[in-house]
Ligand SMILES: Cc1cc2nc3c(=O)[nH]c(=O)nc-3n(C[C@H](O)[C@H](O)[C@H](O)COP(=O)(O)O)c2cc1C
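The chain below stands alone and is given in C-alpha cells; this is the form predicted on its own.
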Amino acid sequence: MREPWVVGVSGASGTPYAAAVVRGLLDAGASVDLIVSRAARLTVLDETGRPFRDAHWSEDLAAWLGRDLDGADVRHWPAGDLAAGPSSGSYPARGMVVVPASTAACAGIAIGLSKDLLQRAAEVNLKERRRVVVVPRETPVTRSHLEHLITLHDAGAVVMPASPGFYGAGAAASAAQLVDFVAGKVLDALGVPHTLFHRWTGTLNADRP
C-alpha cells in the first residue's frame, strides 16, 4: 500500500527548503504528496522565477527541483481541494512536513482552522498521531506566533525552525549547503536516510571535508 509523506509548502519565504526536502525524500525512494498553497505559488515565482500551476504541476515541479521526475512517485493536490485524499484520516500517509511554515499556516494548524488543504492535512496527521514536522522561517516572532508553536509542539508536532548549522562547511558554506542542512534535519526527524550534510563526530578537524 502506498504511504506517502505529505509535503505542504506555505507562503513564507524559504521555498528552497521545500525543494531540498522533496528531493531528499525522492532520493530515498519515498512517495510524496505535494500541496502548494496559493501564497506559496507567488513565493515560488518570486524566489525562483518559475510558476507553479495546477494544470502543469509535473512540468513545473521538475523545473523547480531541477530534475526529471520519471520514475518518481509524486502526487499533487490543489490547495483548494478539501475533498482530496490527505484531507481524511483514513487516507494512508506516513506523516507530513510543512516547509516553509508561515505564521498564518502555523496559526491555522494550531487552532484547527482548516482554511485550505495544507492546514487540514496537517491537522489530520496530528490527530492520527503521525509524525508532523513544521519548519517556521520568519523572524523575529511575536508572542502569538510563539504560542501557536507551543500549541503545535504540545499536539505532537516537531517544531524545527530553519536554522542552518555551519560546522559541516565552515565559514565558506554556500547557500545550497545551508539549505541542505535544514532539509537534512527535517529528514532526520522523519527517519529518512540522506547524505545532505556532514555529521558532527566530536572531532574538530579530522573528519571535515
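Position 1 is the first residue in the sequence shown; the rest follow in order. Since we're looking at a predicted model, the values are computed, not measured.
Keep in mind that the form predicted in complex with the ligand is not shown, yet the notes after this line are about it.
Site annotation in the predicted complex: the residue of Gln177, Thr151, Thr43, Ser31 reaching within 4.5 Å of the ligand with a heavy atom is Thr43. Contact with the ligand in the predicted complex, defined as a heavy atom within 4.5 Å, holds for exactly one of Val99, Val132, Ala105, Leu117, namely Ala105. Comment: 43 to 51 is the region of 152 to 160, 180 to 188, 22 to 30, 43 to 51 lying near the ligand in the predicted complex, near meaning a non-hydrogen atom within 4.5 Å. Put simply, Leu65 is far from the ligand in the predicted complex: not one heavy atom of it is within 4.5 Å.
Interface residue remark: Pro16 is not counted as part of the site for the ligand in the predicted complex, having no heavy atom within 4.5 Å. In the predicted complex, the ligand lies farther than 4.5 Å from every heavy atom of Arg75. Contact check for Glu123: no non-hydrogen atom falls within 4.5 Å of the ligand in the predicted complex. Along 1 to 26, these residues reach a heavy atom to within 4.5 Å of the ligand in the predicted complex: Ser10, Gly11, Ala12, Ser13.
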